[in-house]
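To begin, one chain is listed below as structure tokens, in the form predicted alone.
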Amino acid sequence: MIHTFKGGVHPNYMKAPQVPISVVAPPAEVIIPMAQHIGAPCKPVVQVGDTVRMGQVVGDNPAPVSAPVHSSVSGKVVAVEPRPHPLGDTIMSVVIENDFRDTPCDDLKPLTEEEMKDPDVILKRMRDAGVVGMGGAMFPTHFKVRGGIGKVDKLIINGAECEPYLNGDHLTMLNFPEQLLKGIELVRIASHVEKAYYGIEVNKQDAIDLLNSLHPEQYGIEIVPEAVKYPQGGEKMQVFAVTGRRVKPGALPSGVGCNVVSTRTCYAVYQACYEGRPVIDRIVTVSGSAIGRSFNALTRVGTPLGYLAEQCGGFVKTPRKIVLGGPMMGICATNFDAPTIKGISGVLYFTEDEDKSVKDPHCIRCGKCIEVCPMNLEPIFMYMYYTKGDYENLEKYHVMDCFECGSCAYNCPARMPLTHAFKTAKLMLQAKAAKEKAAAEAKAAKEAQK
């Protein structure tokens, strides 16, 4: 049985998993931002002049929703200051001059066999190793898993990797299958569930066959083949495809007893527990027409985007846009000096040839946006109310439930900027809610003074 969901699109996937993993030489200087996760950003725990080892903690925060960051090289701290962040703005960062020795930090020891049976020990190790959602969400994994204990009876591992270009998860399955299964087992144990369901699109049949040949049932894992359709990798799509359960608008998967964890996150859990290795690198797909061909590059966290392009042969055409992640849901970067972080699975350098926008587009009322929306929304009306600034109807038509997958914009023959509009509409509603809250608090404070 092939599992799927309603809606979705079939873009040109442009994938190149046959391109082997290449190791990018670490740069002479790495930039480690203190914000590489959802939640409270880290605070630097090192100073200029300090010598650090590869894998040493350089930033931390005791807040529950946070995760430490580690040096990806050994060397000397040369700056602790705001630097450009790949997701925009400037963020406090630790800049380390690489000594090219990769002297390892031994603060994290591999867990013993007994420790790997203890959910609390595994959860602590997830946090200590800085494991976050490496599918792009970057939610601290220890907090996500702990929050689901007692609520979650279905653990789903996301192996769809449905975004065009990206190959990191597929290559992890092919190159580290046993380690991956052991990592999933650790997440399963930490989650207090008996079984994990690994949803993988069938365009990765080689990986499905390889993983099944290793008898995943011995790790408490069932491989679930899924239809090839974007956005199969969305959390709510995974939940429905695997379990048939529907996550209500505005709710989380845990509300229907499910937790979704990405492939690369599970492999990071394996490295943390079996090898005592924190998150300091990952496979990054480097591609796009400005590069000329695809690379699947094992890249240290903190590698500047411009340096990464140079290591992949440089540009064959002038890039117009840098996209972090995939082309459907990726975020545009604005600075070549910004570094890679834990959640970046791809860096795509596009030229003006990919720009398909049109001037002054007009909706032709074809309804194709509604056909493909995986959240059963009505983009045609959401866009209309966005242009009118109609907050009430934007909420009525559930614009906040849009997770910006881009299926509607991809399927729109008029090339309406739907995804951009809904991102802006959500910001407008959030700003309105914040303004109303501030006004209400000010009114309450004024009345209290009477």
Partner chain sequence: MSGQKERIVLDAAFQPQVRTDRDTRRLMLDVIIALIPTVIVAVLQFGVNALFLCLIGAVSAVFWEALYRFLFKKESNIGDLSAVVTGLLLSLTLPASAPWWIPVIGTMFAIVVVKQLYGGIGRNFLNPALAGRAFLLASYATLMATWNIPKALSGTVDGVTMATPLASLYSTEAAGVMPAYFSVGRLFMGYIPGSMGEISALAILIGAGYLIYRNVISWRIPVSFIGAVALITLIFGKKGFGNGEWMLYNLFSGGVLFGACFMATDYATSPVTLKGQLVFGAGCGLLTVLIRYFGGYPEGTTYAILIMNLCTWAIDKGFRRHQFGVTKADIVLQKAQELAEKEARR
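Just so it is clear, the structure is predicted and the values come from calculations on it, not from any experiment. Positions refer to the first chain, counted from 1.
Note that the form predicted in complex with the partner chain isn't included here; everything after this is about it.
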**OP:** Using a 4.5 Å heavy atom cut-off, indicate which stretch of 209 to 217, 258 to 266, 303 to 311, 186 to 194 touches the partner chain in the predicted bound form.
**Re:** 303 to 311
**OP:** Give a yes or no on whether every one of L155, V202 and E226 sits within 4.5 angstroms of the partner chain in the predicted bound form by heavy atom.
**Re:** no
Original post:
Which residue, I380, L174, V95, M138, has a heavy atom that falls within 4.5 Å of the partner chain in the predicted bound form?
Top reply: I380
Original post:
Quick one: of R293, K117, R246, K151, which gets a non-hydrogen atom within 4.5 angstroms of the partner chain in the predicted bound form?
Top reply: R246
Subject >> L180: touches the partner chain in the predicted bound form, heavy atom cutoff 4.5 angstroms >> reply: no
Original post:
Heavy atom to heavy atom, is A414 within 4.5 Å of the partner chain in the predicted bound form?
Top reply: yes
**OP:** Give a yes or no for P84: in the predicted bound form, does one of its heavy atoms lie within 4.5 Å of a heavy atom belonging to the partner chain?
**Re:** no
Original post:
in the predicted bound form, does K109 have a heavy atom within 4.5 Å of the partner chain?
Top reply: no
Original post:
Within 299 to 335, which residues have a heavy atom closer than or equal to 4.5 Å from the partner chain in the predicted bound form?
Top reply: G306, E310, F315, T318, P319, R320, K321, I322, V323, P327, M328, M329, G330, I331, C332, A333, T334, N335
